[in-house]
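Quick setup: one chain, the form predicted on its own, written in structure tokens, and binding and motion questions come after.
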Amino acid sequence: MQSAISLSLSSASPITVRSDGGATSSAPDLFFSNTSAPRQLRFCGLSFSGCKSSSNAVLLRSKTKISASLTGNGAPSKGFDYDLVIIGAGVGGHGAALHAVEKGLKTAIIEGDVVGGTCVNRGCVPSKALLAVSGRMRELQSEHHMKSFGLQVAAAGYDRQAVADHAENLATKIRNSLINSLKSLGVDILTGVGTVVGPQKVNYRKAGGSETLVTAKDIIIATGSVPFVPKGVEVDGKTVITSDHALKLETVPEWIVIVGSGYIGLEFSDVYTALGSEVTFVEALDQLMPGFDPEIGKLAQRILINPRKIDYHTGVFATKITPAKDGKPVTIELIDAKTKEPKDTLEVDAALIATGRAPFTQGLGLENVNVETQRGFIPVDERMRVIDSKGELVPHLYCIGDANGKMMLAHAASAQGISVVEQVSGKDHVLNHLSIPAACFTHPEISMVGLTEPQAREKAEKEGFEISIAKTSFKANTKALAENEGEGLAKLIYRPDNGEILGVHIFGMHAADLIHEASNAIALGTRIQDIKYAVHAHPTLSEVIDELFKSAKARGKASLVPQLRFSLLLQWLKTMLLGRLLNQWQSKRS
């Protein structure tokens, strides 16, 4: 779907603002430097690019016309089958395809498995269904929590197969929605395995079928990732499993070891303990949850780990894991991560391998364009352009999502895909990865955006500035207390000299929803001096973030808020209009 928005202006000095953010203008150097290079303007959070101005004034008519045009999948560039071909129909590929059609690009997407990729079929979507169950089970199982509301609930139980069906049904529903959205916009879904065979050329082949060659002006690789299984681990899909198997919930073991205490491991510990399992974490590093801000991690451990049927071994490797068979349990051999000396042998009912994910980049034909992967990842620059073995850019070839390893999150893949489409549509765009939030959907939730405190201190030391920390507690929030969910903390890391937001970390009820005010502020470059004046409804959880920003002490003055900047621009345009009309009137009189 292509959309265009235009502002009708005087024919003497037109400005056209397009949906891609581009603008051409004859505005004077108040906003543009004396150069022909594009510049960026931001009004009300929107980014507009402009070029060198002339001395002519801009005339704005009293009536502003806004128009939008909607079309289907457009005609391809001359000499190509498509403007854009995307290999992989996960969340990243899907987001890129929709944005490409909006830009008027004739688009095809190649998928050899099922539309939706890991996230929809074997990741974030079905796992959230299981976590929704675990959250309700925890409430029903907490007699103290229920009594605090004056509620009396009988013993809670569950139907394992019905829980598993809930997860599968959700994945199916979302997958069908993605397929329908692609079809409704005219995106060609090419079923088969895609291979790059040369510059701007892709083959795709169904299993057992013949190859079909398609050409495209630009190609995006969006093939995602698969669960990473370390050496020495034997996965049978029954007693030694990955997240792919765990989401099917074929069993609920009495005792399960989870290897890895990152996002995946934490979320599954929440599910399994709510359904009655005992959990043991095996973590190679010296602390649990090593990827989180240390202060948030310690609080999360106190609430998510210590009170539950969870124990852990840190600083150890699981060098060998053998599935259960012939009446024998799963055996796990542990060694010290530093000395490599044997530490222990565990015998349990099941083991979940949650050691992260590996890029799915084999069989893509990268050798045909002289590209070598790095630990399996496809090397790219900040604009997602693929880099070959000589360090040079491969023309018209991009890679997004888990396959490039920049940030292995589904929404990051989608954002990267949209960024690439902006570029191939003629508008330069660089995605700020520090503005992309992440969340762990435990109960309570954990969310974050930007730098952790150690990362911020390291950056400050290198670049020579100070950082400050602000914190607020959920215990002071009316809505959280009404829900009896006062356990939680929000943490802000910022520069006191200019109010720049470096990072925000939240642990508490609906933390995954609350983080976006902070992530959008980072993305838009909003400073604390401005955002602390934002108004939040009362009583809501969003006031946790409101109080967080208000408690920060930034020394700089508040900058012009976007709405005011836009208002000033309109005032300037009106002034110039009156000046032009006055000059014309005086010319007629003379």
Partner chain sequence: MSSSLLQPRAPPSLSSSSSISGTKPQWRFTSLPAVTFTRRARNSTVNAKIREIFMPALSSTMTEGKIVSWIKSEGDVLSKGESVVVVESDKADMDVETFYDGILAAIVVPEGESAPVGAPIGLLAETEAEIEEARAKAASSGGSSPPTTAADAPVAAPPPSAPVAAPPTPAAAPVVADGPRKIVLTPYAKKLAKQHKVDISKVVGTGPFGRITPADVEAAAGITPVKSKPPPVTAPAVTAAAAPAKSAPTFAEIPGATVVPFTTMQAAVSKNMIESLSVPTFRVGYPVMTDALDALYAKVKSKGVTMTALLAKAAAMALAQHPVVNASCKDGKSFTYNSSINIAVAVAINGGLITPVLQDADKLDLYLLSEKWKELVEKARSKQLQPHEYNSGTFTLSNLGMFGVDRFDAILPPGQGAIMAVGASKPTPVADKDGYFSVKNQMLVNVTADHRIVYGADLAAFLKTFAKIVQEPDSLTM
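Model, not experiment: these values are computed from the prediction. Positions refer to the first chain, counted from 1.
The same protein also has a form predicted in complex with its partner chain, omitted here; what follows describes it.
- Its partner chain is not shown here, but in the model of the complex it comes within 4.5 Å of a heavy atom of V279.
- Remark: E392 does not count among the residues lining its partner chain in the model of the complex, judged by a heavy atom distance of 4.5 Å or less.
- Taking the partner from the other structure, its partner chain in the model of the complex has no heavy atom within 4.5 Å of any heavy atom of D286.
- In the model of the complex, its partner chain lies within 4.5 Å of some heavy atom of Y494.
- Remark: of stretches 212-220, 75-83, 460-468, 193-201, the one touching its partner chain in the model of the complex is 460-468 (heavy atom within 4.5 Å).
- For the options A162, I189, A476, V430, the residue carrying a heavy atom within 4.5 angstroms of its partner chain in the model of the complex is A476.
- Listed residues E487, E422, E102, E517 were compared with its partner chain in the model of the complex; E487 is the one with a heavy atom within 4.5 Å.
- For the partner-free chain shown, Q152, V153, A154 of 147-167 come within 4.5 angstroms of its partner chain in the model of the complex, judged by any non-hydrogen atom.
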